[in-house]
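What follows is one chain in structure tokens, specifically the form predicted alone.
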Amino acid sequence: MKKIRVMSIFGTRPEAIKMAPLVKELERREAIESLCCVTAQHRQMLDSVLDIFRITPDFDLNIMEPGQTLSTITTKCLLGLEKVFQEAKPHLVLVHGDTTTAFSAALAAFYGQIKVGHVEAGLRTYDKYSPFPEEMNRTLVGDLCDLHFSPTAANRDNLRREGITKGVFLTGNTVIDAMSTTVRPNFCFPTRILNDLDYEGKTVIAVTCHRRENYGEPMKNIMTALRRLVETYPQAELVYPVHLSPVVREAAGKYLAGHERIHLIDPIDVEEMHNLMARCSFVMTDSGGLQEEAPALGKPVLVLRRETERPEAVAAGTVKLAGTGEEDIFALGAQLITDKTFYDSMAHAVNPYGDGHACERIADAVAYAFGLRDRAPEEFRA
């Protein structure tokens, strides 16, 4: 084989952030013909990442519709990708993480007897409904894959416990590669309020909260705790780019609106989010990716979930699992605001997720797996 035809498939903003630097790395390789297909599971939020990284997809399924369900996403992906694979005839399909796009693309490739590589393989909570549907998506993708690119040794060990030992590569996380492009000290925010915040004089807290499993009582508890923090500590200022989900926007409006130091803004692109994290005091989130990104910037993270599939940062000390109870969230947030020793212990912890060379390792691993390279890439070591 003289050239490997590799198709990278993604559909949401988090996937795009982590796959974009890999797409650019694959484009640089002479032995690889790089193709990109987006499902546009999230249209607007996806497009902003494509613009930032200057990626023009070769195929765009454009599946997003109002009120879409997991079933409609899966069905549209399967049918659309069947046609894409017939036309493009890739040798390898790369999917990322735990989205419904990733699962559907892996399944469609399996149906087409096309090899599948899983970027960010081996993350587990071992609770199939938390996070939902992500835990089963990534587990099923793992069963369908031929190549597994694990960010950390713990992720690789999860795969080994499941009997997956062949085609596993320890690479680090591609999001660290992405941040070398997005974070800049002279960055000017398109969202005006983000330029006006007093990052030096105030305790600026960056917040995201959107997980399906947090809908209802957990989200009420989270947002009530956030408001209490701002009302209790005059130095606290909260910035929350509110997800487009109607459920999330309704809750944010109900529990957080109307306070001068709580800024509810529309979703921001990856450059703005990364630079906000670089300048804020700490992060409170139920997101997966931010648990990896913020530690790379020296920012403590409180995870607004009952468990995390990213235990490495918890072990390192840069992330604390706050749960979804109002009192626990408030107590940990208050400690970060008032206790400098506690804050410094988290801010100065070692980031276990990457060294900025994950994409190189993955591209080398692909070449090795297809016989175009004599040896496997060196493993990432935290």
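The shown structure was predicted, so the numbers you read here are calculated from the model rather than taken from an experiment. For every residue, the number given is its place in the sequence shown, counted from 1.
Heads up, the form predicted together with uridine-5'-diphosphate isn't pictured, but that's what we're talking about next.
Subject >> uridine-5'-diphosphate contact in the predicted bound form: Ile268, any heavy atom under 4.5 Å >> reply: Yes - in the predicted bound form, heavy atoms of Ile268 and uridine-5'-diphosphate come within 4.5 Å of each other.
Subject >> Non-hydrogen atom contact Ser287 with uridine-5'-diphosphate in the predicted bound form at 4.5 angstroms >> reply: Ser287 belongs to the contact set for uridine-5'-diphosphate.
Original post:
Is Pro90 a contact residue for uridine-5'-diphosphate in the predicted bound form, using a 4.5 Å heavy atom cut-off?
Top reply: Contact check for Pro90: no, nothing within 4.5 Å of uridine-5'-diphosphate in the predicted bound form.
Original post:
Can you check whether Pro14 is within 4.5 Å of uridine-5'-diphosphate in the predicted bound form, heavy atom basis?
Top reply: Taking the distances in the predicted bound form, the answer for Pro14 is yes, it comes within 4.5 Å of uridine-5'-diphosphate.
Subject >> Non-hydrogen atom within 4.5 Å of uridine-5'-diphosphate in the predicted bound form for each of His118, Val168 and Asp177 >> reply: No: none of His118, Val168 and Asp177 comes within 4.5 Å of uridine-5'-diphosphate in the predicted bound form.
Original post:
Exactly one stretch in 268-276, 223-231, 153-161, 105-113 has heavy atoms within 4.5 Å of uridine-5'-diphosphate in the predicted bound form; which is it?
Top reply: Residues of 268-276 come within 4.5 Å of the partner.
Subject >> Listed residue that, although uridine-5'-diphosphate is not shown, lies within 4.5 Å of it in the predicted bound form (heavy atoms), from Pro218, Gly142, Pro311, Pro241 >> reply: By the 4.5 Å criterion, the partner-contacting residue is Pro241.
**OP:** Find the only residue in His210, Lys299, Arg124, Arg261 having a heavy atom within 4.5 Å of uridine-5'-diphosphate in the predicted bound form.
**Re:** Answer to the contact question: His210.
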